[in-house]
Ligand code: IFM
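Single chain ahead, by itself, as structure tokens, in the form predicted on its own.
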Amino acid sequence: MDGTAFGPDFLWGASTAAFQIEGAAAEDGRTPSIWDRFSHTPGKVLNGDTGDVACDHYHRYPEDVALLADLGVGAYRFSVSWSRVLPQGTGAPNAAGLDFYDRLVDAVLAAGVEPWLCLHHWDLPASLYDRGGWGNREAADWFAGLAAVVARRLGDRVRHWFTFNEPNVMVWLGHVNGNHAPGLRDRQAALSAIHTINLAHGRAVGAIRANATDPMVGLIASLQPVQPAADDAAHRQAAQALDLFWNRAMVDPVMLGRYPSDLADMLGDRVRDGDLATIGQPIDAFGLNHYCRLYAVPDPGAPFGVGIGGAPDGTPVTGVGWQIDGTGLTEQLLRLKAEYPPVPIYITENGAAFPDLPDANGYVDDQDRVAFLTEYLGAAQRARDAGVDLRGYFVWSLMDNFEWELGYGTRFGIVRVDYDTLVRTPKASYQHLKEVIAALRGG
């Protein structure tokens, strides 16, 4: 791959998320999450799709681990289902749920791959939502309890931990524009969720360090350069607001120990003495998820007066309309270097959805995804050349999966999943990435 001399020490990985792949929604003691409820609510998910079966990773994880080993990655980033581990959200752990993650971690390690565990990827237990969810400050303690339970069980083998995946997106899509669970469009609920989740991160960092052996602990955020969709004062103001809530609300307090002044004023007495010290304790790694630039538009009816517009006319886009422009990744990495303390950075999600038409054997010759990966890996290397401490790249996603409100019609995987048979078939992009990894490792 031209221009991508990452070298043998660069970490290659693949990412998934529990609700999107596990299935087994009501097996072995698991209780519903907010996404079970949301996906079972008519009209919330395309085609009425749910995560009840998903990719059935709960039963088929050995073949998925074998795919990781064959791909040649050094790490697998996955998440745990909170309601599988703690069916009531708090209280007594579920032995069967912890046993599953025991088996998964052991299988990943046996395959020569390092498990990178993310505690929360959007699937809050429904029982905790009924107690106020992220609007309840007590949720920070509930989450620290989850962290302690999982770290005590897996912390002798799992060395790499992330608290949240994309808490900024979780707040924006779930509490501001309402097209993700729990489906709110509520300014005050969003502000409460911002601070409670940030506090939960800080308390979970402490819980992990107290219960795991020599852990590396970090946070994952989806960060994108924000531009006004038009060159006028209203759009420029909208871009500033979107940047505040998307890029800074859940990163500044973790990395700088403070909220941006405008946001601090909005949060008011939600922020108590000692909160920012808890939130801003040093982390060991920063996970960057990146897909595309964002274009801000004024939206007077929205909770914060701003919405996200489409990509500019005439620009290349993915199958879901996201602009393809690797320069945005370079720009975002350089911004992290310029504005925040030095912390090792890992790209923990990057990928693209395309139509992915299979042949008669289920094989997908996804050259559009190959081209996307080539462009974005080149962009990552340019950031490294400019001094960014970028140490790894995880593709999203290992396999096609339940893609939230878009259901199963949208495919990001480098492995195709036939949802009728659940047969996995590596795509051309899988083989391409396998060859890139082998070449850059000198294999």
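This one's a predicted model, so the numbers in the text were calculated from it and none came from an experiment. Don't overthink the numbering: it's just position in the shown sequence, from 1.
Below: the form predicted together with the named molecule, not depicted.
Figure note: of the listed segments 162 to 170, 125 to 133, 194 to 202, 228 to 236, the one touching the named molecule in the predicted bound form, with heavy atoms no more than 4.5 Å away, is 162 to 170.
Out of the listed residues F245, Y346, W322, Y295, W322 is the one that sits within 4.5 Å of the named molecule in the predicted bound form by at least one heavy atom. Of the residues given (Y61, Y408, F38, W396), W396 alone sits with a heavy atom within 4.5 Å of the named molecule in the predicted bound form.
The named molecule is not shown here, and in the predicted bound form it never comes within 4.5 Å of any heavy atom of F372.
A residue is said to contact a partner when one of its heavy atoms sits within 4.5 Å of a partner heavy atom; D49 fails this definition for the named molecule in the predicted bound form, lying far away. At the 4.5 Å threshold, heavy atoms of H121 reach the named molecule in the predicted bound form. At a distance threshold of 4.5 angstroms between non-hydrogen atoms, Y291 is in contact with the named molecule in the predicted bound form.
Although the named molecule is not shown here, in the predicted bound form the stretch 392 to 412 places heavy atoms of W396, E403, W404, F412 within 4.5 Å of it, in sequence order.
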